[in-house]
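Next up: just one chain, as structure tokens, the form predicted on its own.
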Amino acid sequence: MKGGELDPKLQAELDKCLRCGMCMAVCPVYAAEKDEAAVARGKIAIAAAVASGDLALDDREVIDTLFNCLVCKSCMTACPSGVRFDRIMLSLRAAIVEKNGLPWLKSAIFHILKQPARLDTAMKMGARLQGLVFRDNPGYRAISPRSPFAMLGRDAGFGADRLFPAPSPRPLRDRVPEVVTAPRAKMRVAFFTGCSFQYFYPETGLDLIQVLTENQVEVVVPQGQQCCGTPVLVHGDAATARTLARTNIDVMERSNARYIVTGCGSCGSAWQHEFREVLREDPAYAEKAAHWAARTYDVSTLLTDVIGYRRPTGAVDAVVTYHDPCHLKKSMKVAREPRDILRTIPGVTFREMSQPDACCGSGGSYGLTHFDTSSDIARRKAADAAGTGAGTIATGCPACMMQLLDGTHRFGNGQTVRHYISLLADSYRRTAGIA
């Protein structure tokens, strides 16, 4: 978007909008704020006003409104015209950054994401020094802000009642060899760990690797992989997103793996869709991005639809409900597979929420930048989960795990929050007499 003119493809998306308001019924931000500007239809009107010159991309109110969106893609599931609202939002945000630049803090963080050695050092140091700012909550295996930091950060969502996962002093890729062998391996896959498994949920990453090796799958965990780029892309930094995409593709090209496996809907969506989009005009990488897009699977899909996983026999005594991560269901189209896995675990009683695919309000950093709205969304999700009577909420996204951990603590019944793959790993371990 330059000089008030829209890219023809983006203009075509705007022209599809019928102004019918179907998006209002599913937009989590609109449900919390009841403001026309919060919903897709309202933001499309803003985009049209920018294109006509009636609004400017350096207008603070315009910027704030366009960043008040989770990019959860819920509106796209309800749109009768098939408007690609995610492309509209990402293009507008990229145009804002191109015109105004990034805020200094985002610029510094995104710069570190491109330097994995510095990121690794910073995360390990943060894990070792976290006790200065956070206190432990052993019952939740989580941390909360200490006073006075809780008071200082309350407006930004760092109140004393918040729960956050503790960063691990020993990240996932430090715990495993680059190639994890499996007895009588049938295939080799590459595990794209993403940042959350790497630094916050390494035990869950180990569970995923164990489940794959239990099913005769050799797992490559490439040391050179970096952030998937989704956090920077949704904040408008398309240039950094392209850099990260190229680096990750180069790493996977050297892995000698048949498929890429993810346990995070945002990471999987990046490989299946976003890399292709940001690199579509790159002559050296467009074809490579398309190649890996067709070979990327959520681990549940690989297990159920590709290899036919070994049915578990170890009993896991738990009443479980399942939350559909937005990018996993609405972008990767994965919803049946995790439920199929949960229902095959002996001892698990599965109970469905009334709105299992309603957004949890995470959106990466949205819970910090729009704390009140995110909390209202989390409150509704916690109430829905509590209504099932389940003691465990399973999901397929580590970012959702973070949001659900905090949401159930503040608004729910303090349920256990786990990745579905960990429940399957528990069953395998119990069969072997390990747990």
Partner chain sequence: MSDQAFATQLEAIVGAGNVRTRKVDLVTYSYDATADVPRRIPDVVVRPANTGEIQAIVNLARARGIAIYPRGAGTNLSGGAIPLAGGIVLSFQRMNRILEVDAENLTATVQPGVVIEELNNAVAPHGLIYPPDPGTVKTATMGGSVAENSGGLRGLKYGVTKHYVMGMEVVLANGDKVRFGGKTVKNVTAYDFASLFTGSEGTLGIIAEITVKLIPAPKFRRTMMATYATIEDAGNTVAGIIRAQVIPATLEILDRKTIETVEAYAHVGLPLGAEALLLIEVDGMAETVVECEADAVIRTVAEHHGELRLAKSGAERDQLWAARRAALPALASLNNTVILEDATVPRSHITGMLLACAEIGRKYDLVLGTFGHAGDGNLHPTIVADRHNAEEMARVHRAVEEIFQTALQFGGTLSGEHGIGIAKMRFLGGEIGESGLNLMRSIKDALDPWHLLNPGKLVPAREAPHEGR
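A quick note: this is a predicted structure, and the numbers were derived from the prediction, not measured. Positions refer to the first chain, counted from 1.
The form predicted in complex with its partner chain exists for this protein as well; it is not shown, and the discussion that follows is about that form.
Considering non-hydrogen atoms and a 4.5 Å limit, does its partner chain approach residue 414 in the predicted complex?
Looking in the predicted complex, residue contacts with its partner chain do not include residue 414, since no heavy atom lies within 4.5 Å.
Is residue 370 near its partner chain? Define near as a heavy atom within 4.5 Å, in the predicted complex.
So residue 370 does not count as contacting its partner chain.
Answer yes if any heavy atom of residue 388 is within 4.5 Å of a heavy atom of its partner chain in the predicted complex; otherwise answer no.
Heavy-atom contact with its partner chain at 4.5 Å: absent for residue 388.
Tell me, yes or no, whether residue 33 is in contact with its partner chain in the predicted complex, where a contact means a heavy atom of each within 4.5 Å.
Answer yes; at least one heavy atom of residue 33 falls within 4.5 Å of its partner chain in the predicted complex.
Taking its partner chain in the predicted complex, would 37, 45 and 81 all count as contacting it (heavy atom within 4.5 Å)?
Judged in the predicted complex, 37, 45 and 81 all sit within 4.5 Å of its partner chain.
Specify the contacting stretch among 271 to 279, 226 to 234, 327 to 335, 73 to 81, defined as having any heavy atom within 4.5 Å of its partner chain in the predicted complex.
It is the stretch 73 to 81.
Hey, which residues along 15 to 46 are within 4.5 angstroms of its partner chain in the predicted complex, non-hydrogen atoms only?
Counting only heavy atoms within 4.5 Å of its partner chain in the predicted complex, the contacting residues of 15 to 46 are 15, 17, 18, 19, 20, 21, 22, 24, 25, 30, 33, 34, 35, 36, 37, 41, 42, 45, 46.
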